[in-house]
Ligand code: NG6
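Here we start with a single chain on its own, the form predicted alone, put down as structure tokens.
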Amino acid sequence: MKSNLLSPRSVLLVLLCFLWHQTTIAQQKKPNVIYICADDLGYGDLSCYGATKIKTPNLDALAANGVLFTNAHATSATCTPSRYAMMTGEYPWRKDGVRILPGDAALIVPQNKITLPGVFKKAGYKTAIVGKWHLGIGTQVDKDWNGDIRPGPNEVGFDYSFIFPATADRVPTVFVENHRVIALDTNDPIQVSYTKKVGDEPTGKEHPELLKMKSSPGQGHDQTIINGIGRIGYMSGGKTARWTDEELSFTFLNKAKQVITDNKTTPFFLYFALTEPHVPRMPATMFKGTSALGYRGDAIMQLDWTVGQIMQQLKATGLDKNTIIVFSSDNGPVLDDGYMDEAVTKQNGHLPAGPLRGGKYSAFEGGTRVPFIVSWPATIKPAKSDALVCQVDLLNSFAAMLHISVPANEARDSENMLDVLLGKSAKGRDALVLQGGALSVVKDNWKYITPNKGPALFGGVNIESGNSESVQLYNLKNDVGEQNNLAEKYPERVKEMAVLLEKIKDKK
């Protein structure tokens, strides 16, 4: 008589298939996460933050369907430090050498400690970075750009990386994909130096007649000319590998869209590091003249369109409802930052920092208070939040969401703000240390800026530094523009804030 019972082997196969199916379903339920980081975008540069001279409809739509934060910060008023904090969960001033890096710098992100992408990898996510890196690659300054370049993003948590090493105004002006320069001709090897001229290519200082965008005097953007633009640093070779500025955003966008497509069935974390509106501002032809604010405004229009393309890609792949998008900027805005691109002459009443004082490089709020939007259509209800939050908190917040343990001695400045980010709580951080021309600390809407002997005005960029040899104390609730120094009126508050800052600095 023939038995209808399954053999033990068949039962095992059925069980394995069931478990695989259940694991796949569980994996798919985890939300994808995309962190979109603009470059030098100010608090007042988006229409959803009050800009009237420029319209950003895609970011407005993102904000309308998520939480728009009005008191969110980068840790620092410059890019490398703030990106280091986001990656490591640690204030950048705790580590020597975390400053704006040249394009040939060695990797500064630790390989033996937890990182933001490392949190996602531990949770079974595919991880990718597309765009600006500016945290160094390799083990030393003197590196071979014509072979494998490591360690880099892949060694600190990213499965896939497609980057340029520093910023668009610094050499080398090449794409690096997973340790290798793209489109490199071995017969035309790359050389890079930030100390002396290499090769015989013209520089902006020697041949200003060759520039299609003039450099601002005294700001250092007059070395090797690439694509008609003088750069910081010297480069020779790699002619087939060099990008042109007008193609940067499209190239990065296509790579980001591919990451989304390739991971339709697997949870992924994508760090999409945009180049706009950092100098040199050379938007694609389709965006030139689309704003009334010159190339800087056009670059912001391009940025907004790019975000819209990512949103469309998520919808086309059916991932839009279950994808968390975090949008922010690495620091505050700057108009004249190395090139004469009409950002100043065509400002037309636009206030890049909105009501804030200062901008990029500054200890005032304009240096670190940035746009910050979190969207997750499946979960988040539209809202506006004035909770104090910071990009350094992303690491511990997502670790909490994904139930990933963070070692006690790592990511020590990152706080779990998950409920705040998801709009479930209005209680932000108790205190936050900010780094501009001087260190400052914020608590209960009071801001204390430490005395500092630096210049009161960064003359090259025409931005107030926040430096003063006197103590500064501001009540941000009533004076977000930091016009009224209350240090003499509230000496006890000054003392309390100074003690708090030292306590945080001594935190182990």
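Sequential numbering from 1, following the sequence displayed. All figures in this text were calculated on a predicted structure; none of them were measured in a lab.
The same protein has a further form, the form predicted in complex with this ligand, not shown here; the description that follows concerns it.
**Q** Could you work out which of Y295, Y361, W145, F162 is the residue within 4.5 angstroms of this ligand in the predicted complex, going by heavy atoms?
**A** Contact residue from the list: Y361.
**Q** Just to confirm, with a 4.5 Å cut-off on non-hydrogen atoms, which of L211, A123, I232, A241 contacts this ligand in the predicted complex?
**A** Going through each option in turn, the one that passes is I232.
**Q** In the predicted complex, does D393 have a heavy atom within 4.5 Å of this ligand?
**A** D393 lies outside the contact set for this ligand.
**Q** Are any of the heavy atoms in N154 no more than 4.5 Å from a heavy atom of this ligand in the predicted complex?
**A** Output for N154 is no: heavy atoms all beyond 4.5 Å of this ligand.
**Q** With the partner left out here, check for me: in the predicted complex, does some heavy atom of A438 sit within 4.5 Å of this ligand?
**A** Judged by the heavy-atom cut-off of 4.5 Å, A438 is well away from this ligand in the predicted complex.
**Q** Hey, in the predicted complex, is L135 touching this ligand, heavy atoms inside 4.5 Å?
**A** Contact with this ligand, no.
**Q** Is every one of N71, A273 and R369 within 4.5 Å of this ligand in the predicted complex, counting heavy atoms?
**A** Result no, not one residue of the spot touches this ligand.
**Q** So if I measure heavy atom distances to this ligand in the predicted complex, which of the stretches 414-422, 260-268, 372-380, 330-338 falls within 4.5 Å?
**A** It is the stretch 330-338.
**Q** Taking only heavy atoms into account, state which residues of 198-222 are within 4.5 Å of this ligand in the predicted complex, ordered by sequence.
**A** Contacts from 198-222: Q219, H221.
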